[in-house]
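This document starts with one chain, in the form predicted on its own, laid out as structure tokens.
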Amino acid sequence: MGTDPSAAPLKTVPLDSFHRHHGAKMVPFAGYEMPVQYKAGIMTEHTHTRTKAGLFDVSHMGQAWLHGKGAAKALERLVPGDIQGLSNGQCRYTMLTNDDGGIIDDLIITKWEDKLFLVVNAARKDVDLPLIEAGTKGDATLEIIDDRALLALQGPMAAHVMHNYAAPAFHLSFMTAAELHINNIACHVTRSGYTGEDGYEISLPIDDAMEIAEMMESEPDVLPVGLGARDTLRLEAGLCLYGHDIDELTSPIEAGLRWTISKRRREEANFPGAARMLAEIADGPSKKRVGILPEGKAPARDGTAIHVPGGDAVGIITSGGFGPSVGGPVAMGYVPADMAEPGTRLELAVRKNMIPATVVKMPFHPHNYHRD
């Protein structure tokens, strides 16, 4: 197959040379050349993150400041999350939603004194950021950050590694943030991540990214980790991937994200898609995202049809693969609400075979977030 001459050239992340130096296999992802794995391989990188600490480059994500006293209230015009209720240094997971109640993207918002720090998905930032700018205009000012990298240090030893360089990070709790200095470099540090493990995301100047990455990689407990293990980690943690488990047709209620909509926001019902979401909260959605354990060793990949045993297709796998910590295949997908109860038997159309499977509670691997 020939190369499309009209295709935009791939962008590179600030740590491109770091990845290549450490033997990364680079692949196209969300318009960037990104490391999918290093020499150790996905299985080793996954296990190392679960037992020690993995260093991820997530600089392809979109970062922005939203300035203005009215920023939180203005942003609530676009998301169902409680943004006005954030205290200083507190982070919140929420979603941009459309008028039909579908999810435009999921994002993390952090309150930094008189402004908000936003991190959006790489593949959606060209949609998200103009939407946020237009939707908050007059009450807030969006400043897109294009001079900072973003690193994620994830795993049970992450706090001990961070303590060596920025001791106050050790005392942060899950979904809180602080501005800390690492090697005299001012960094925005949040105790968060998308692996199900304890850890941090570190926003720092591009010019200092190599220094910090090399310093952390030199720690005996730290291994660089690519997109492959990042995906298996988040899948085992039961976390949604945009474009797979959530999209513009799927509501937060169907996706199992009802917990992100506070009582106040439900009562106000002044966010996009509120009518659909509130109706689904009251009456239940017609379908639900569930965890699925296939029998045997064959993984059920994205797009696999979900069947009633011996019968018709009723849903589709949205994320699936081998779970290294589980020791077998795991998957997520959507089924009719009356088939979402744990223990429900299913069949999956894998490689022209019908594989027995069971609906199970998520996560597949316990979350290990640090909470006070």
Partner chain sequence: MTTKYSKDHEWIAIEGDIGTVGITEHAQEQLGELVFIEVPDVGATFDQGDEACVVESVKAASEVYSPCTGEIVAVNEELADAPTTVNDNAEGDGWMFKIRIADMAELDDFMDEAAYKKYLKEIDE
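Since the model is a prediction, treat every value here as computed from it, not as a measurement. Numbering follows the first chain given and starts at 1.
Another form exists, predicted together with the partner chain; not displayed. Remarks below refer to it.
- With the partner omitted here, the residue from 301, 77, 181, 171 that has a non-hydrogen atom within 4.5 angstroms of the partner chain in the predicted complex is 301.
- Screening 102, 256, 135, 228 for any heavy atom within 4.5 Å of the partner chain in the predicted complex leaves a single hit, 228.
- Judged by heavy atoms within 4.5 Å of the partner chain in the predicted complex, the contact stretch among the candidates 103 to 111, 291 to 299, 122 to 130, 274 to 282 is 291 to 299.
- With a 4.5 Å cutoff on heavy atoms, residue 36 counts as touching the partner chain in the predicted complex.
- By the criterion of a heavy atom within 4.5 Å, residue 65 is excluded from the residues contacting the partner chain in the predicted complex.
- The closest heavy atom approach of residue 25 to the partner chain in the predicted complex falls within 4.5 Å.
- The closest non-hydrogen atom of residue 43 lies within 4.5 Å of the partner chain in the predicted complex.
- In the predicted complex, the partner chain lies within 4.5 angstroms of a heavy atom of only one residue of 307 to 343, namely 322.
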